[in-house]
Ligand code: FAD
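In structure tokens, one chain follows: the form predicted on its own.
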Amino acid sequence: MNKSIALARNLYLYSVKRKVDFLIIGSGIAGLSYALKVAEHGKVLILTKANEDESNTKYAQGGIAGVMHKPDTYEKHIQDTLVCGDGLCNEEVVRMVVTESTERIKELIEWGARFDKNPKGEFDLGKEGGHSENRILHHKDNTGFEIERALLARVHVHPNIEILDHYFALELLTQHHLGKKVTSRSSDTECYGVFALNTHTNRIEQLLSRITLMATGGAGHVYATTTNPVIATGDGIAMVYRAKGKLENMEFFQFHPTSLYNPDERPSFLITEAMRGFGGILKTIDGKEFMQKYDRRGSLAPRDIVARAIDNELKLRGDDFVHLDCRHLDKEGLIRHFPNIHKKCLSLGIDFTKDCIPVVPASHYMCGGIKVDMNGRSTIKNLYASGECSCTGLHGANRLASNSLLEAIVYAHLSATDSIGQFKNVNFCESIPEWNAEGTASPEEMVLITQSLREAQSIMTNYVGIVRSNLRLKRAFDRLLIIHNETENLYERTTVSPELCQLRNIIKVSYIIIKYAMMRKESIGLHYNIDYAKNLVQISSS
């Protein structure tokens, strides 16, 4: 019997039941900025499964893209986004997000975010792959950390906002929990809040809300190598899928071309694309440039092209990594712009002013996710989604560098505006049964969870990575199904824990990625299937 559907047993009847106007799952840029806006109208509760500042936002090095002044224009940014998305972007969404960029970034600055400026007092705008102009606002090489700091400072002083850290959201509360079955992914499903595991007390609490925002970030840990923090396990995606919400574009998973090659480190340390925008050149380990074989833009081609090119070079040559060469660049400027990368490299005996940086691709960003409309509404009533866990139509088949923080702040604004107009018309659902753990016990061996996680990540990395094939996808599907069934069986008889729930969510998201990849009968953007592809070594005319 599935706990998420049938809760008739009543072993633990916890009295903890809270009600708020706005419930937010996740504490990155999307969740925090949404909270600041809706808090003027009602009570807000933010849940985060780790420390309050632990989010994908915190680790965003490069920056946030936005049109701030000439010679850049909205139209240039729009066209760059459409080209990078390989024909699958929703142009209406692209135009809306890009034209909102200036105001939303100004708002971040008003909230206290500090972006680097040049000696003239103008924003020191960077350039990254796929961009035709310098339009990336940044704070050194830890822009996300700076944005997270500023937003949390504002949130902490707002009397209507409360943050509960180390709360793991388990399931959305819907009609399923009232004994009603929802068999199709229609718009009839309603969200009433969540069940969440309070890891301080190991009790499961029922949190009721009028409006819920899913802002849980990405799912990089479905792969063995990722730049994402350990919390990026696709929890929001999995919860919405189990609740019959619609997803979109899940086959498009972006691999960042340049993570620091250090096999013993997890997650992988990101070497921001801004270093290539600053003038860094990708080379094989014997010092030969290679990107011109793949794209006229060289090392500043969009990420899907660069990642496939590196992957191809490694397979052809049998090397473990390629080099990012910055030795020819201004040393003082390089260290000033990338102090944290400089410090990290030095800790490994690499001085990037004298030595090349060894880099490899790593899973980085999920372009698909919870399908939302232009107000941030999901297909489940009273449930919104923003940030990496959502799919707005902005990215299409491939995300343009530094558009992710922009998308999150714009859609948080749109979701907040719409939520404020809706929440007073939504009543609390008071008749949800308590969580029931009858018949479950503590796991006999944690190795069952850790081994299944390693197996699932290995399947995804080897068969559903940068380059795919029909045979690889079929093999991945068949082998993952075995682990899926074992994990569901373990879940039914084991007391819930973050480790078990994260494994379950990783397997569910992996299954969805494979399913969508098998349905896509073409190579486009981040989905490169050799059974539907032309020669990889082909210079782009872009």
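Note that residue numbering begins at 1 and tracks the sequence as displayed. Model, not experiment: these values are computed from the prediction.
The discussion below concerns the form predicted together with the ligand, not included here.
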Next on the checklist: Among the candidate stretches 455 to 463, 173 to 181, 105 to 113, 212 to 220, which one is within 4.5 Å of the ligand in the predicted complex when only heavy atoms are counted?
Outcome noted: 212 to 220
Next on the checklist: So the ligand isn't shown here. In the predicted complex, which residue out of Leu500, Ile483, Ala39, Ala50 has a non-hydrogen atom within 4.5 Å of it?
Outcome noted: Ala50
Checklist entry - Which one of Ser378, Thr392, Ser415, Asn403 is close to the ligand in the predicted complex, taking close to mean a heavy atom within 4.5 Å? => result Asn403
Item to check | Partner contact for Arg135 in the predicted complex: the ligand, 4.5 angstroms, heavy atom | outcome: no
Item to check | Contact test in the predicted complex: Ala35 vs the ligand, heavy atoms, 4.5 Å | outcome: no
Item to check | is_contact(Ala169, the ligand) in the predicted complex, heavy atom dist at most 4.5 Å | outcome: yes
Item to check | Partner contact for Gly387 in the predicted complex: the ligand, 4.5 angstroms, heavy atom | outcome: yes
Checklist entry - Within 24 to 58, which residues come within 4.5 Å of the ligand in the predicted complex, counting heavy atoms only? => result Ile25, Gly26, Ser27, Gly28, Ile29, Ala30, Gly31, Leu47, Thr48, Lys49, Ala50, Glu54, Ser55, Asn56, Thr57
